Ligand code: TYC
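Listed next as structure tokens is one chain, alone, in the form predicted on its own.
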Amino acid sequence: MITSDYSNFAEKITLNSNNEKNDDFKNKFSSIVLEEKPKLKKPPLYKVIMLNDDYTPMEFVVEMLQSYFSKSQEQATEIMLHIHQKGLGICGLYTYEIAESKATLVLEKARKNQHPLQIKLEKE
């Protein structure tokens, strides 16, 4: 906290309203406390992780990575192969709301196309 003394300022001002005296004004406003703004923390990030299954076509996974996670053809193919070989892969890092929204959209499209694709979110 920062404290500033405005006693000189209060002495120079005369009040013409409410019949208050300068002494009252000085007592009420002799010091002003300024609070420091709190430092804002960045929100935590969440990994959107796509899991491998034996039924979802690789082309569908690549399409989802390009459409919903803004990956290039090469990046999407690389992530898809990683998912296929290692069992899972990270699609991106986002705040919780965005990660949840992207995961929901992908899962809705997968269900609509009758694919058992699974996605999980993991705090970084």
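Since this is a predicted model, take the numbers as computed values, not measurements. Position 1 is the first residue in the sequence shown; the rest follow in order.
Below, we turn to the form predicted in complex with L-tyrosinamide, even though it does not appear here.
Participant: Is there a heavy atom of Pro57 lying 4.5 Å or less from a heavy atom of L-tyrosinamide in the model of the complex?
Facilitator: Heavy-atom contact with L-tyrosinamide at 4.5 Å: present for Pro57.
Participant: Just checking whether Leu51 would be counted as a contact of L-tyrosinamide in the model of the complex - the rule being heavy atoms within 4.5 angstroms.
Facilitator: Yes - in the model of the complex, heavy atoms of Leu51 and L-tyrosinamide come within 4.5 Å of each other.
Participant: Though only this chain appears here, would Met80 touch L-tyrosinamide in the model of the complex if you measure heavy atom gaps against 4.5 Å?
Facilitator: Within the cut-off, so yes.
Participant: Met64 versus L-tyrosinamide, in the model of the complex: is there a non-hydrogen atom within 4.5 Å?
Facilitator: Answer no; every heavy atom of Met64 is more than 4.5 Å from L-tyrosinamide in the model of the complex.
Participant: Report the stretch among 39-47, 80-88, 94-102, 66-74 that approaches L-tyrosinamide in the model of the complex to within 4.5 Å, counting heavy atoms only.
Facilitator: Among the listed stretches, the partner-contacting one is 80-88.
Participant: Any residue of 98-124 with a heavy atom within 4.5 Å of L-tyrosinamide in the model of the complex counts; write them all down in order.
Facilitator: Counting only heavy atoms within 4.5 Å of L-tyrosinamide in the model of the complex, the single contacting residue of 98-124 is Leu117.
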